[in-house]
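The chain below stands alone and is given as structure tokens, in the form predicted on its own.
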């Protein structure tokens, strides 16, 4: 039996094992593969860098656990970047299938554990940052477009209290955010259509700058909004998250230490994707070459 026949008869379990190892090893021992930063990602980084300390950004968690591997690192990076720049962060959730827990989990990954606060609680990772003054979690609101529309007029009517049940008026940051006019931009971490709503309604009708971090499968449609100017920046899938994480860690090495402590971050995920896709592509090529060679042999033997 020659090499081609061996390849054609290779037990598929060897391929499964190889792909499994390729998925696990880069997480345990990151390869730190090169990252080329695209323009839509650079636009987000530059916009955050251009803001003055004390300005407010809103991060909307518009996805659930099913797309967490792509969206979670985006949430980590934007929150960490904003706090490192001394910006203030308002976190909300509009996705009904797990968005409320995703938002809290990612916020806690960035600032440390948050018990229900009765006033002020300091961040573990940013000792000078205080809940209610520098960052706050408004919680989840159902209604999608209706909630977005109402937030432009009266944010407190949509979110009368924060996630923990404390009235927003009891927090300094809560009192300051009355509508979209009080935020520098909105960052939507999206799966499905909610990111489009931010562009179609909030940007188009109210002029609020919008950036979106979407799953890779949704990226083609979101690029249309980006090129039309309805989104000023776009993180497309895990690759976009890895690019943004790279920019943030290069500018703020102390944040790289935080993300490196996460079991899963965008850099590790991009290593996994790159290696696994390379292996799959290699075996597709080998399989097709072996098939062509075998078919030619059969024709010669006729």
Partner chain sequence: MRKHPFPEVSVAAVLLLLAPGYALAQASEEITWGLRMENFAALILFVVFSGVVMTFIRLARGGRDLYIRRIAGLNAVEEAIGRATELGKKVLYVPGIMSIDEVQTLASLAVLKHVAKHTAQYGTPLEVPNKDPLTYAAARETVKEAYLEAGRPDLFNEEVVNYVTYDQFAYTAAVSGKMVREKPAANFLVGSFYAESLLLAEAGQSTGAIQIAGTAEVAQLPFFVTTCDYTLIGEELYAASAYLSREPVMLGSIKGQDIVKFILLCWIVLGILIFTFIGNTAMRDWLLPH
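Quick caveat: nothing in here was measured; it's all calculated off a predicted structure. Numbering follows the first chain given and starts at 1.
The form predicted together with its partner chain exists for this protein as well; it is not shown, and the discussion that follows is about that form.
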Quiz item: So in the predicted complex, does residue 207 come within 4.5 Å of its partner chain, heavy atom to heavy atom?
Solution: yes
Quiz item: Quick one: does residue 50 come within 4.5 Å of its partner chain in the predicted complex, counting heavy atoms only?
Solution: no
Self-check item: Non-hydrogen atom contact residue 140 with its partner chain in the predicted complex at 4.5 angstroms
Solution: no
Self-check item: 4.5 Å heavy atom contact, residue 95 to its partner chain in the predicted complex
Solution: yes
Quiz item: 16, 193 and 217: each with a heavy atom within 4.5 Å of its partner chain in the predicted complex?
Solution: yes
Quiz item: Of these, 127-135, 83-91, 182-190, 197-205, which stretch puts a heavy atom within 4.5 angstroms of its partner chain in the predicted complex?
Solution: 197-205
Quiz item: Tell me, which of 66, 42, 250, 254 has a heavy atom within 4.5 angstroms of its partner chain in the predicted complex?
Solution: 66
